[in-house]
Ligand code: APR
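Take a look at this single chain, the form predicted on its own, given in structure tokens.
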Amino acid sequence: MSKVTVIGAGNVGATVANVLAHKDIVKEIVLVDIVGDLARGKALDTWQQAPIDNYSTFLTGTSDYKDTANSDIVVITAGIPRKPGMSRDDLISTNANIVISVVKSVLEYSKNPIIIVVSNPLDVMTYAAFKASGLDRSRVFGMAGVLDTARYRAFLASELKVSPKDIQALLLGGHGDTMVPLPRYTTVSGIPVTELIEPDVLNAIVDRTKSGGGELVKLMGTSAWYAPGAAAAQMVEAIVKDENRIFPVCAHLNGQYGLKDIFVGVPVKLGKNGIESIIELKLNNDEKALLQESANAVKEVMDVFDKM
């Protein structure tokens, strides 16, 4: 695969392009924004960084979807960011229209791309993209779990005073307050985290993870971008290199986990065809109940979209 298009040249989109360029694994990145000069400027800035940081990936910026022709992977970050006091659900109407328009424009020039959605509210924007695209469900999915587990692992690394490299974690469910972290599947160099940390401290970290996006909005007055951008770039890397990496992503379920026709976070194998397979864990009763609660919350937002 040689061509990746990133839609939206705001903080998140520009970070996706910059981090991906540094990986030096694709031939070309096209950064698209309705403000063409913004996209052109950020792409040019990252291209001028190439001789310093030693990568060959060429970047261009544009407002014209013709320049995205024959893209292998498309990352959608377009949409308005969340402001303080605004819930993800408040974003739905505006951002759904943006995402649908973007998908239709992309598909005019690229036949069968893999689409990664980053726009919020994530679960329903992925659903909107899927419905607008008509593509196979293995080729349209959302970036949420990679970011959420990164936050969870970062908080654990701070608490345990260990390298975040050694922490493996998993979570399920919607992106936001109803996500379901799984301490049972969280390890530090293979050691169950429950052996290293008190239950009340772990619960506090889980709660902080659930509101991780909101914490950053309060601090900065806008949504995060470094970690979300890097998370999306990591997903692109797994696809381009056909790594079959296991990541939690927002995927279309069709009976897995007892859930049907819903987009929600689950562990998948990510490779050259997008979602190569969905991994179904054996959950205990408490975990099943939390996942169902999360799915119900996502379904409510999906219903809002369906009635628009």
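Each residue number is its position in the shown sequence, starting from 1. Model, not experiment: these values are computed from the prediction.
The following text describes the form predicted in complex with adenosine-5-diphosphoribose, which does not appear among the structures shown.
Of the candidate stretches 20-28, 7-15, 293-301, 280-288, only 7-15 has residues whose heavy atoms lie within 4.5 Å of adenosine-5-diphosphoribose in the model of the complex.
Taking the partner from the other structure, adenosine-5-diphosphoribose in the model of the complex has a heavy atom within 4.5 Å of a heavy atom of residue 102. Shown alone here, residue 247 lies farther than 4.5 Å from adenosine-5-diphosphoribose in the model of the complex, counting heavy atoms only. Looking at residue 236, you'd find every heavy atom of it more than 4.5 angstroms from adenosine-5-diphosphoribose in the model of the complex. Interface membership of residue 118, defined by any non-hydrogen atom within 4.5 Å of adenosine-5-diphosphoribose in the model of the complex, is confirmed. Only one of 91, 150, 73, 170 comes within 4.5 Å of adenosine-5-diphosphoribose in the model of the complex through a heavy atom, and that residue is 91. Between the options 98, 146, 193, 180, the residue in contact with adenosine-5-diphosphoribose in the model of the complex by a heavy atom within 4.5 angstroms is 98.
Annotation for 220-235: the only interface residue with adenosine-5-diphosphoribose in the model of the complex is 223 [heavy atom within 4.5 Å].
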